[in-house]
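Here we start with a single chain on its own, the form predicted on its own, put down as structure tokens.
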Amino acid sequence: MNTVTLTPKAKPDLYLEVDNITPDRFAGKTNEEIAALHLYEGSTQHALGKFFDVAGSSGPTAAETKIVIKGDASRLKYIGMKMTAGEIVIEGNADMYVGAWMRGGKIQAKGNVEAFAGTGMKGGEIQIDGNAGNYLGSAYRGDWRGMAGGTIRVKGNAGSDTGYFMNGGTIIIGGNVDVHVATHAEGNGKIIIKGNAKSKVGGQMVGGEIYIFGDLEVPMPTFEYRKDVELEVDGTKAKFALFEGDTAERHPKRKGETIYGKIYMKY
């Protein structure tokens, strides 16, 4: 795999929209052609080379192209947006919409990321070594199409509204999560919380699964206990209490059986 290294020249005054920083856009291009790709600072369009030094070389295809952002990316939005293959490594923090609507490939953020990482994601993998902001793996505001596939793994904590309108895929949070997990979730998405959760977990949930290893501060009253089960979740075997809901919502049926969202609480 060929590697293109982007080194920021200086911290921009405004946030940059860098949806062209993807293996799909870089593949098959010379460094000069990559530097000529556009980005936006506010409403003003600039060449990428105004803000970044470009080194290395791209591969002939997206799958053969790796991008390393070497330096502060905390003012960069839309890194890896709609990427289908290849790899991106962010060596520090990043702003909003990391991996938004991505379909394949892998993104690793070695620091923290802000809101809407993996929004509308359909495939691929996002690994966040720090903390994630609000609306992780969620739908865009005003939309109902949340994460539908792929995997997001966060080593630290996550903010509020994780998995909002989630329809598929897997989110694994190594630490704690804030309020409103899997609100309006449908389909077969899975959220694994290794730490603690606050409240409004599974509100208006129609389908999918939530696993909580730590404490749930305020359980939803519209989830009913069903039974205890022995499961292996993300490599850990444990006993869980299964709750189903949200019983205040309308639920579809499959072969005469009502489909509920499921919350598993570890003993």
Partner chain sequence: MAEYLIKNGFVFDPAQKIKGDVADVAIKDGKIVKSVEKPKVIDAKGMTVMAGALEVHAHVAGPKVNIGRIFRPEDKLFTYRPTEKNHRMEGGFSIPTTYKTGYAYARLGYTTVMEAAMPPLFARHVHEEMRDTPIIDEGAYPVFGNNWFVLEYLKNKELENVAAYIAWLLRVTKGFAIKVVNPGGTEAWGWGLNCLQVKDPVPYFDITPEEIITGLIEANEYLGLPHSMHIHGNNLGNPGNYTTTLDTLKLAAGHKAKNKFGREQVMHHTHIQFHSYGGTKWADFESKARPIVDYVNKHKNITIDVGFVTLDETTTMTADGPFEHHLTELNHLKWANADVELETAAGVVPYIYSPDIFVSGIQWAVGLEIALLSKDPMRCYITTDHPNAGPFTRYPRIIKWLMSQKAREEQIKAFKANDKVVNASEIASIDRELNLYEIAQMTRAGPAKCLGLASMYGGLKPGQDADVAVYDFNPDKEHKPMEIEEAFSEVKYLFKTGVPIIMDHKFVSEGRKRTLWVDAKVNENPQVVRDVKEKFLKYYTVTEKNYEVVGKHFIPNPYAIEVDATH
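Because the structure is a prediction, the values reported are computed rather than measured. Positions refer to the first chain, counted from 1.
Form predicted together with its partner chain: not shown, discussed below.
The unique member of 148, 85, 73, 81 whose heavy atoms fall within 4.5 Å of its partner chain in the predicted complex
Contact check passes for 81.
Answer with yes or no whether residue 250 is in contact with its partner chain in the predicted complex, where contact means some heavy atom within 4.5 Å.
Because a heavy atom of residue 250 falls inside 4.5 Å of its partner chain in the predicted complex, the answer is yes.
Quick check for you: of 189-197, 167-175, 122-130, 135-143, which stretch puts a non-hydrogen atom within 4.5 Å of its partner chain in the predicted complex?
Partner-contacting stretch among the options: 135-143.
Within 19-42, which residues have a heavy atom closer than or equal to 4.5 Å from its partner chain in the predicted complex?
Heavy-atom contacts to its partner chain in the predicted complex: only 40.
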